[in-house]
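This document opens with one chain alone, in structure tokens, the form predicted on its own.
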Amino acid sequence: MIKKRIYFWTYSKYISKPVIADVILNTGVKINILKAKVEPQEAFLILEIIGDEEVVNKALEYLSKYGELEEIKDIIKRDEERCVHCGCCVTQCPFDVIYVSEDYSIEFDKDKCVGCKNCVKACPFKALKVLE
């Protein structure tokens, strides 16, 4: 399983095509769309691609025909100097990305993050940022 961001420019002939369905049908890969954003100048999807290495590589090659692929390392970033581990973000996360550890500090399971920004909105210290 890997996460990738694919950018489509809205003037692209592919923006109104069933690209993800096409990739799934032609490669057999499983894809979760974690986030989708469409703006006047560009559009992107954050995808979780699931399958064995050969199938995933085939899907990535197929996807690269439709837009620019970018690897996603981290979606959420915390400013350690601003964060006071108050926990406001924990209750707002619908994906259980953020949790309280045994020592009562706030921890993140960044692999689960989809960039919904609920935590960013909840943080009174503006210590969280979602990378786009």
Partner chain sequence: MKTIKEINEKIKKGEAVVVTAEEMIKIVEEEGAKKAADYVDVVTTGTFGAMCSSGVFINFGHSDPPIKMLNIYLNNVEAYGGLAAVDTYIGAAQPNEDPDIDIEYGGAHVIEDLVRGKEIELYAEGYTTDCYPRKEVNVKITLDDVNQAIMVNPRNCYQAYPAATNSREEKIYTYMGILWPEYGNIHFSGAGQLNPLQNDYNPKTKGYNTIGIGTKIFLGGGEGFIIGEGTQHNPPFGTLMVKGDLKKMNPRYVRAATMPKYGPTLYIGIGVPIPVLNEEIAKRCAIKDEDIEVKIYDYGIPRRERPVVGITNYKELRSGKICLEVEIDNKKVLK
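Please read all numbers here as calculations on a predicted model, not as lab measurements. Here, rigid core means the biggest group of C-alpha atoms that superpose within 1.5 Å across both forms. Positions refer to the first chain, counted from 1.
If you look for the form predicted together with its partner chain, you will not find it shown, but the lines that follow are about it.
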{"query": "Contact assignment for its partner chain in the predicted bound form, among 39, 81, 71, 52, heavy atom within 4.5 Å", "finding": "81"}
{"query": "Proximity to its partner chain in the predicted bound form, single hit among 32, 92, 64, 57 (heavy atom within 4.5 Å)", "finding": "92"}
{"query": "Its partner chain contact in the predicted bound form: residue 76, any heavy atom under 4.5 Å", "finding": "no"}
{"query": "Contact label in the predicted bound form: residue 121 to its partner chain, heavy atom within 4.5 Å", "finding": "yes"}
{"query": "Partner contact for residue 7 in the predicted bound form: its partner chain, 4.5 angstroms, heavy atom", "finding": "no"}
{"query": "Partner contact for residue 106 in the predicted bound form: its partner chain, 4.5 angstroms, heavy atom", "finding": "no"}
{"query": "After fitting the core, residue 116 CA displacement of 2 Å or more between this form and the one not shown", "finding": "yes"}
